[in-house]
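In the block that follows, a single chain appears as structure tokens, in the form predicted alone.
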């Protein structure tokens, strides 16, 4: 698979990333079975063998079990660490902790960032995280406090680079102004079913600041690929019938598949969008990797955009 430089850093990544949020097979740690863990480990290895080198995590994925499973894979395949990029995220806190009245919330306090990083390092079984990201914007974020936590982690050699996830351009700008360390990625939802980042300034900012967009749910929860198994509430209203007609027409004409065409559409953008593939089916993981070698023409790209918009451009 071809590689891309992530932001202004020296980190090189495969053009597609593998998302590890499903490798535990469940969101409930108590429901993880030996079989589900075996399937998750097989998915990670399938991605590695298919050429994916960027592996996306978060501490909240099955309450850290996904990181633990990945850590076991690394322990059994120690040479794998030399050629991959590990990204993980922090900041989302569950309800009921530390007391029963605590709601779901976001926490970018220095104390929580530093503590969360230590826990992820232990679960992953590594000494350094390549990219550490803030997961969802904390309304109480103090940019100077976050910058201080980032500096401590970098100076200690525990994190190489930093980024954010689901941040608006104004939030990125506020944090970057206070932070002497360049933010290299913003992980946001981007697909032919969700074009928000094309119009809210996110991708414009990525171009201007040389940040790399990491696209979560690039196939709209499967609606643009082999079918949706479990959608997020925000994705249930996506209407993909019209765009799928155009995707299928191009796939048929080019001897390809929906998955490849939909991912190639993202890959063509000049920001260097890195789609995060989340399937745990080895066949689907390998199929998605084919998008790396599939080049859409400008005309095909705009045909798909028009179909996604449901209207002609002005």
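Positions refer to the first chain, counted from 1. Because the structure is a prediction, the values reported are computed rather than measured.
Not pictured, yet referred to below: the form predicted in complex with a small molecule.
Every residue of 88, 154 and 181 near the small molecule in the predicted complex, heavy atom within 4.5 Å: Heavy-atom distance to the small molecule in the predicted complex: none of the three under 4.5 Å.
Segment that reaches the small molecule in the predicted complex - one of 161 to 169, 76 to 84, 142 to 150, 105 to 113, heavy atoms within 4.5 Å: Result of the contact check: 161 to 169.
Residue contact check: residue 239 to the small molecule in the predicted complex, 4.5 Å heavy atom: Taking the distances in the predicted complex, the answer for residue 239 is no, it never comes within 4.5 Å of the small molecule.
The small molecule contact in the predicted complex: residue 136, any heavy atom under 4.5 Å: Contact check for residue 136: yes, within 4.5 Å of the small molecule in the predicted complex.
Contact of residue 101 with the small molecule in the predicted complex (heavy atom, 4.5 Å): Residue-level check for residue 101: no, no contact with the small molecule.
Heavy atom of residue 46 within 4.5 Å of the small molecule in the predicted complex: Heavy-atom contact with the small molecule at 4.5 Å: absent for residue 46.
Partner-contacting position among 212, 205, 120, 217 - heavy atom within 4.5 Å of the small molecule in the predicted complex: Residue within 4.5 Å of the partner: 217.
Proximity to the small molecule in the predicted complex, single hit among 271, 280, 53, 36 (heavy atom within 4.5 Å): None of the others qualify; the residue that does is 280.
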